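Below you will find one chain, with nothing else, as structure tokens; this is the form predicted on its own, and questions on how it binds or moves follow later.
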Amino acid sequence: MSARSRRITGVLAKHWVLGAFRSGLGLSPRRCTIFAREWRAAFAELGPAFIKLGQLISVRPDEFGRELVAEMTAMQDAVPALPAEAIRSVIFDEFGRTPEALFATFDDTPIASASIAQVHGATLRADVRPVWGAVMPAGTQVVVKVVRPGAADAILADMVEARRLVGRFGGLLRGFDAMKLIGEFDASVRRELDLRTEARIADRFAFDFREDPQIEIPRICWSFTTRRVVTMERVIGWRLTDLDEAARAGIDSKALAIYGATAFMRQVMVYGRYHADLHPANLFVTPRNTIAYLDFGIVGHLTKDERESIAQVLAGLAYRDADRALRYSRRLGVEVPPDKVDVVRRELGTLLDSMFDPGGSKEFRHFGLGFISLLRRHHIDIPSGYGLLVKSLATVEGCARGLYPDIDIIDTARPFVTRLLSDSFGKPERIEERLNAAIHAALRELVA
């Protein structure tokens, strides 16, 4: 076993023992919470690769218990800043010029420092024309995001060790495919190590919202962007954790909450691509009474058929129709074995009823994460895209409630669901499908 493997194994074992000592014997929510806290501490101690792995776990409620998902959601991807000289050397390697030659100003003090990249402020020396949006004139404030030297090698080396450990001990990790998770993590990190991917996705979102004055996407400066450096417009505003200050500045939190939830529904139901990693650091409220999306590291994609099936699942939620929610979840890849259909349908109906009972939770989070827990309890495989979407919708609801506590995310989705289903039912193939079903139903009545 290599020194790196011994260190990883030792840290994980230490925190497992601490979790066992602090939680005692037996299974309980309290024990799960304590172990989740220890796993988060272990991942933070192991550094960049495991911090990124924890972030992936936080958007995968389909694979992990809610205690671990909640704990990993709180993991902050912040590490000590590198000296400015290290960042300057990367910029020089990429462009053959110093930051002062590229920009009018460059701030050596970082704005943020994470496991993969470090971010510095700068101002443009000359006008820049982005792919979408107005020209960025000289003097415009920008941020320069730079991959930390050595970060790629360190993270990829840790992934090699993680694969080796999973190969040796994966059989002990029951309930999920650990090697599959490592594969997803590997692909996600490799995308994130190429900053051009984030830039392209930002441009795609800018195109989607090009006619929406209330949604802001940072404009990309492609002339100062490479695999290891991306330069983009700097967004000034308040995080969702600083809303008291935003309110004092006259921001209409209620209107922005409703508009932000509506914008996310457009991403899911209309555009078929959505920001899947929303949290207070990635979503700003600006002094212009707009919402700004940042950091497009995790993005979900949906086909037209998937969007229609999601609309049907949400319709099943709105109308307490367990059969509809289950039927269209199957089209999204949730395969319930025939011998479990009745019990799953019954438990899903109970979950839906609980949302409409007096005093019951009407939050989508209650339904979405409750349904995933139900499926996991019956050992039913959940497609990764399904879990990612459920977590994203629940997160958007949480962000919106931070702005306006009384928002109803299902009510916000209703117009999009209605429009999408109306368009779907108007298709010739759907008309033929429904006509055949009506004829068969009529024949059954005639011969009964």
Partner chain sequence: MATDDVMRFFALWMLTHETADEGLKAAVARGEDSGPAGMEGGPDAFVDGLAAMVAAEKDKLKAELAAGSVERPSADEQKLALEELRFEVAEMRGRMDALTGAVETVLAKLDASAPVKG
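Residue numbers count along the first chain shown, from 1. Predicted, not measured: the structure shown is a model, and the values here were computed from it.
The discussion below concerns the form predicted in complex with its partner chain, not included here.
- In the predicted complex, its partner chain sits beyond 4.5 Å of every heavy atom of Glu85.
- Mapping the unseen interface onto this chain, Arg129 counts among the residues with a heavy atom inside 4.5 Å of its partner chain in the predicted complex.
- Although the partner is absent here, Arg414 is a contact residue: one of its heavy atoms lies within 4.5 angstroms of its partner chain in the predicted complex.
- Of the heavy atoms in Pro213, none are within 4.5 Å of its partner chain in the predicted complex.
- Contact here is defined as any heavy atom lying within 4.5 Å of its partner chain in the predicted complex, and by that definition not a single one of Glu100, Thr105 and Ser373 is a contact residue.
- Residue heavy atoms within 4.5 Å of its partner chain in the predicted complex occur in exactly one stretch of 258-266, 205-213, 337-345, 152-160, and that stretch is 205-213.
- Exactly one listed residue, out of Glu94, Glu363, Asp295, Glu233, brings a non-hydrogen atom to within 4.5 Å of its partner chain in the predicted complex: Glu94.
- A single residue from the set His301, Arg200, Arg191, Arg125 has any heavy atom within 4.5 angstroms of its partner chain in the predicted complex; that residue is Arg200.
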